[in-house]
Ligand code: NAP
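Just one chain follows, in the form predicted alone, and it is written as structure tokens.
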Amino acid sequence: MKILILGGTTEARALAGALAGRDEFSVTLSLAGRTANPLPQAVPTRIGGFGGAEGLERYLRQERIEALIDATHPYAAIISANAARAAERAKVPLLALRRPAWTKVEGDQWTEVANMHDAVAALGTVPRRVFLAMGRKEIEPFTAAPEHVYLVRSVDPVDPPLAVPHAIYLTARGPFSEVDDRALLDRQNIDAVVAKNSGGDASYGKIAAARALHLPVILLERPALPDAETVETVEDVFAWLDHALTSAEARGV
């Protein structure tokens, strides 16, 4: 069975690694190419976009893909929408691997916002030291609030730098533990955190650290994603694939 994984997440990498040892599956992992030096993968990797839903549909047909797994980031709404349309048109079974969102617990001081511009507004006008814990390509709206000091952590360098008077850049690749993030926030005298509700364990450290330090968190709500059969774990993907493989064999495919 030929499988295409739309990746870029910890779960996608884990899934690709687990499938690499299964002879009954031929797997290709697709990465958007937003990270300059992606981690090594256990399966053949394709880097770059497809050209929208039409391009992805064409790829599915040309490569005779038999199962499409959308394991992209919860905020990759455009890619997920393209995957749903392409899979429907190419008549390829689609499964979404989506990690659950974080839920607020006692001690959390969350302000949930719909978009980055609302996040900027939520910071207010009194100067603050703000940890921007999100993709380097998504922080431009914060130039509208130059009164704050920003700490920006990203996998690749921020180029060009954020057009504000005071910004600190930290290049690092996760996962980050609560202990490490608590030390970082304390060391940089951070008094507010802006983040996405990414879910999962790999980036939860900053949320737990903010709770421990009694810091407010401005949390970007998840975008609406297309309806699709959805699972939450790599193990669930295996069960789905084994069922699909058994069904195909029963049909003599």
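For every residue, the number given is its place in the sequence shown, counted from 1. The structure displayed is predicted, hence computed values, not measured ones.
The same protein also exists as the form predicted together with the named molecule; that form is not shown, yet it is the one meant from here on.
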Only one of R182, R153, H148, H73 has a non-hydrogen atom within 4.5 angstroms of the named molecule in the predicted bound form; which is it? H73
Check each of G52, P38, P226, P216 and return the one that places a heavy atom within 4.5 angstroms of the named molecule in the predicted bound form. G52
Should P44 be counted as a contact of the named molecule in the predicted bound form, where contact means heavy atoms within 4.5 Å? no
Consider R34 of the chain shown here, and say whether it contacts the named molecule in the predicted bound form, taking contact as heavy atoms within 4.5 Å. yes
Does at least one non-hydrogen atom of S30 fall within 4.5 angstroms of the named molecule in the predicted bound form? yes
Partner proximity in the predicted bound form: R211 to the named molecule, non-hydrogen atom cutoff 4.5 Å: no
Thinking of I79, E138 and K196 as one candidate spot, does the named molecule come within 4.5 Å of a heavy atom in every one of them in the predicted bound form? yes
Within 4.5 Å of the named molecule in the predicted bound form by heavy atoms, the stretch out of 167 to 175, 118 to 126, 140 to 148, 79 to 87 is 79 to 87
Could you run down 1 to 30 and flag each residue that has a heavy atom within 4.5 Å of the named molecule in the predicted bound form? L6, G7, G8, S30
